[in-house]
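One protein chain, two forms: both are listed below as structure tokens, the first as structure 1 and the second as structure 2.
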Structure 1
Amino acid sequence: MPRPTPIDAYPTKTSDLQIDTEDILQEQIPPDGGGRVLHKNAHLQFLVRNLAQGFPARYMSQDASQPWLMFWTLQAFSTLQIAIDPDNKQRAIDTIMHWQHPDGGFGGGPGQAAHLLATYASVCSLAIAGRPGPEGGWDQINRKKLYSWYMSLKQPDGSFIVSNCGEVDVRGIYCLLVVAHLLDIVTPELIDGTAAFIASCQTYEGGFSSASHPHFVDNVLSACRPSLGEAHGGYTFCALASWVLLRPYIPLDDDAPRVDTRRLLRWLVHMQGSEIELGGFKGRTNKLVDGCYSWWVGGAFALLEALGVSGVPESARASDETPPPRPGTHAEDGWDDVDDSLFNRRALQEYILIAGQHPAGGLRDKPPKNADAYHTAYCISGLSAAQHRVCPSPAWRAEVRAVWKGEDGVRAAAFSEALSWTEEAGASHVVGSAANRVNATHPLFNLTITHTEGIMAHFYKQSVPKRVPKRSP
């Protein structure tokens, strides 16, 4: 048995919970060394039941998150490589369009106020199920009103409130930036000061908090912007993804806001639980592992690639051309020789397969908890992040840029940056049989690359060069 977390003969509530959890997790390991099977059919049944029959009454607490229930379900299908039939797609579109608010944005349900989070989940659901043209959803999004509503939420410190009279936090900003990028409504006014706000949320631990508090001295924003709340996996993902999205617009002068990537990387790697915790991720220091952080933290490593922080040695990465051929593509053997990620991808997959799957279908935080729509989506996306290496490809960025129609500028940059993310051929590592493989997802948006390209090409009125799957060497 792996070594338990040392408690130095000084037990406290935290260490008691930790030890109990370690025991529970160890009990999950099948004695015969098996159990590394993704039960795709059971999860599909779970998802289909939710989609077609509906969610049981305990989901009433998520009545204001209907777009999330939709997005989690549709995105889980996409990652599990399941296409939705045209009838259900149309029903999805019709349902989603009932959430659009007459004054712009989408609410958590029909007649609910527009909300940044609901808008992200609605638009991303439309990226999956929608299409151009009448009744297709895409062209029925009122982008003009959406933009005005976004501007109405803007705060003097560069942040945004999530809804009229709502709170500020980095989840909302991430959701706003994703939608603004997908729908081609980013402007300098919209994002003015936002990067500095994001940077101010980084805590001494290296991860990011929910928000920072602005102090104004004579109407000028003071440099002291204390973070509200400790470093947290969910907020860290949102802040880091926002930072990566905003990077093309950040000036390169000395006063430009900065993020400490060294400290951030250190915090991210320390969120991975040890062998006795089956290598799952936790969301905060001294808290327990939870399947959803497979995506929020496990998925954050890909984002670091955009900031030049990579496990691939520089020598192997120097070429802007095709990724270097590396042997041992899907085989378990020799994995350790070719894996150059910064976290333990194998262990994360094992956590999801062994502890994250509920025997009755759907995925979960950890045993003995129930499965739910949220954990199902983020465990599967996390599994995807652990299986595939998706990073910005300079070569692909150049190809996208080469066929850009229109003037150079922030729009061209936003488009080619977002679509430069490419799954590196030959760098996938799937624990268990090849049937465990799930689709790669875009690290910034958590949509498949196909869905991202489809909706962005439409709104930017561009065509994207056809991606030719690179042959594995």
Structure 2
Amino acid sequence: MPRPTPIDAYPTKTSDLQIDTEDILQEQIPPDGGGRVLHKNAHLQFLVRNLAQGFPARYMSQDASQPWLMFWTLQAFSTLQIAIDPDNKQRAIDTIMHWQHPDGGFGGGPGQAAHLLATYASVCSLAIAGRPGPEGGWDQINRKKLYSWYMSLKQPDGSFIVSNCGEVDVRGIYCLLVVAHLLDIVTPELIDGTAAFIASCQTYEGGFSSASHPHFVDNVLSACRPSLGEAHGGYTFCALASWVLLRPYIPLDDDAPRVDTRRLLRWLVHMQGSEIELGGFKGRTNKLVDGCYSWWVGGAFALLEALGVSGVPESARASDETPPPRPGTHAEDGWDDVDDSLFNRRALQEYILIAGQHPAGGLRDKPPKNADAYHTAYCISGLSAAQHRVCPSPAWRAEVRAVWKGEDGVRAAAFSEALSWTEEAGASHVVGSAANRVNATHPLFNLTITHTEGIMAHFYKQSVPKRVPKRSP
């Protein structure tokens, strides 16, 4: 029996719940040591029911989140390597376009106010199901009005409110930056000051909060502008991804904003649960593990690697070779890392496979909770992050830049940097049989590489070099 989480002599509801959760998780482990099987067919049926028949009545509370329900479903199909037939793609496109607001952006449903988060989910759904041409969705996006709406949300400190009269939130900033990069509407005016705001949201723990104090905006106090709230897995992923997206445009001088990657790394690695918690991730300090943080925290490590923080030796990364395992380590030997990752990839996969899957299909926070669309999407994306190492490739970036047509500048940087990510040959590690393998997903966008390349090539009017799969040595 693994060692339980230490407790003191003063039990609380939180510590009692932690003990109960550990007991429940241990009960999920099959006595024969098996059970590491991804039940793709059961999850397929769960997703098909939602897409074809509609969501159950309990989803009525999500009426303002219709684009998210669409994106979670479509992206889960994509990551599970399941193709969507043309009729259902067209149904999805027609539905999504009803969410476009006449003044720019997309709302949470027909006739609803435009919102940064709903716009992200709508555009990413179109990246999966849409196409160029009439009724394809892509050419029906009003990018001019979208950009004008974005600029109307911009605040003097470089942040953005999530909707007209809304609040500032780094999740909204991430959603804006993703869509701007996908649709070729990144401009210096749009992103002016945003990197500094993102940096100001880092907390004393190392993770990121939702925003920073709005009154610390003058030149004297901006350097010590305090964050608002505690470090959180969702905010941290969105802030870190935003930082990586903005990094090509940050000047290299002493006054440039900075993120403390060492503190960030320390916080992220401490979010992975112990062996008795099956290696799942939690979203905040002293909270319970939750399947959705398989992506929000587990997916953040690839972003750290893009900043040069990696557990892989530089010599191995430069030669596209997987470093040899340490003496005495093997893929099936308990919790030994076999690839020098910054987090325990095997443990995360086991949490998803053992605790995350609902017997009736779909994935969940943890037992005994029900499956839902949100956890299904992010558990599968987290499984992808644990199976594949996707990172920027200088060689591939050079190939993409070499075929760029037009002037160098923000557009060229946005295109080449976003498409420089590639799966490292020989670095995948799949727990269980090969049938458990899912598609690799882009660490910045949570779309497959294919869908990312397709929509960006269209809007930037560029070609993308053909990827030649590398064989493992």
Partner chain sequence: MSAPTADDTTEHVFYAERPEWADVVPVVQYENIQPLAPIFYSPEYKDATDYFRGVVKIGEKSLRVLQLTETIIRLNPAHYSAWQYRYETLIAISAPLQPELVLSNTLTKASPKTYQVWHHRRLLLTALGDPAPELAFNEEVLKADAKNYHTWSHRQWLLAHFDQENLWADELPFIDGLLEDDVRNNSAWHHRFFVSFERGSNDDKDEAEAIVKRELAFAKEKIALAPNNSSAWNYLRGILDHSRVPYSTQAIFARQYIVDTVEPRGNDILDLENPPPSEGAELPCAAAIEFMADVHEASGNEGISEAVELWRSLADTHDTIRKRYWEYRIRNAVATTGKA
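Numbering for residues begins at 1 and runs along the sequence of structure 1. Whichever C-alpha set is largest while still superposing within 1.5 Å between the two forms counts as the rigid core. None of these values were measured; they are calculated from a predicted model.
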item	value
Form predicted together with its partner chain - structure 1 or 2	1
Core-superposed C-alpha of residue 450 shifting 2 Å or more between structure 1 and structure 2	no
Exceeds or equals 2 Å, Cα of residue 13 between structure 1 and structure 2, core fit	yes
